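Given next, in structure tokens, is a single chain: the form predicted on its own.
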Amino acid sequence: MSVREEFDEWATAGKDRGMEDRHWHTAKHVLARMPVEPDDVVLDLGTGSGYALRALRERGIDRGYGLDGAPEMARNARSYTDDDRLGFLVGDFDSLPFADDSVDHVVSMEAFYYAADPHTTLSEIRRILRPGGTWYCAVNYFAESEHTHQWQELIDIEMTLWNRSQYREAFRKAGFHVASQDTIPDREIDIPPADAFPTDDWDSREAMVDRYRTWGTLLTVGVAP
């Protein structure tokens, strides 16, 4: 199954709103760090329901574009958004439909690991960013977060599983300065006491703590020279 087919099914089933609810716990901290200004143009790569752009628009960005590989995702995002300064389009991560040096910031919330060729995607992001532009890449599927690795068994798309060092190396190879990298814990999800385990999803409280509190979401920030 292709990325488009997989996520069209998700969008049709309403899973995009579920992803928004789950990801918002850490996404809001990622978005709060972005140095956006009122006249900035932002690309949201793998926009899903479009929630990240709507949040950034509240901070006054001039224009935002949400790109998704699934037409149904982009269609849903449009239907959720009543703002003519935000646009949603269907496209591939490895061929971004933007001119060189035309975007101030790129953000991707829990989508970069779906890129068919992550190195090409990074080169494309570098191409479209203006000098001094930033690239905020947030993923909760990464090598150190071992309890997320099982996700690959639940989805037909081949996902990129890099560790923190590999993210930094790939950013630098694509021409970015790595400004920062850290993990943002999910402190909002409820973790039951130890005697409530095992649950339907978790064998132990330690495993759940490791997934959400220890590792959470990995954020790597690149800056275009």
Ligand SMILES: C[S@@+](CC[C@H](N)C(=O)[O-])C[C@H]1O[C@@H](n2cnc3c(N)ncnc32)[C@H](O)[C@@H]1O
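Note that this is a predicted model, so its numbers are computed, not measured. Residue numbers run from 1 along the displayed sequence.
Omitted here: the form predicted together with this ligand. The next part is about that form.
Thinking of 46, 69 and 109 as the candidate spot, does this ligand come within 4.5 Å of a heavy atom on all of them in the predicted complex?
-> Judged in the predicted complex, 46, 69 and 109 all sit within 4.5 Å of this ligand.
When this ligand is placed as it is in the predicted complex, which of 141-149, 98-106, 128-136, 85-93 ends up with heavy atoms within 4.5 Å of it?
-> Result of the contact check: 85-93.
Can you pick the one in 176, 51, 65, 167 that has a heavy atom within 4.5 Å of this ligand in the predicted complex?
-> Selected residue: 51.
Examine residue 209 and determine whether its closest non-hydrogen atom to this ligand in the predicted complex is within 4.5 angstroms.
-> Flag for residue 209 set to no.
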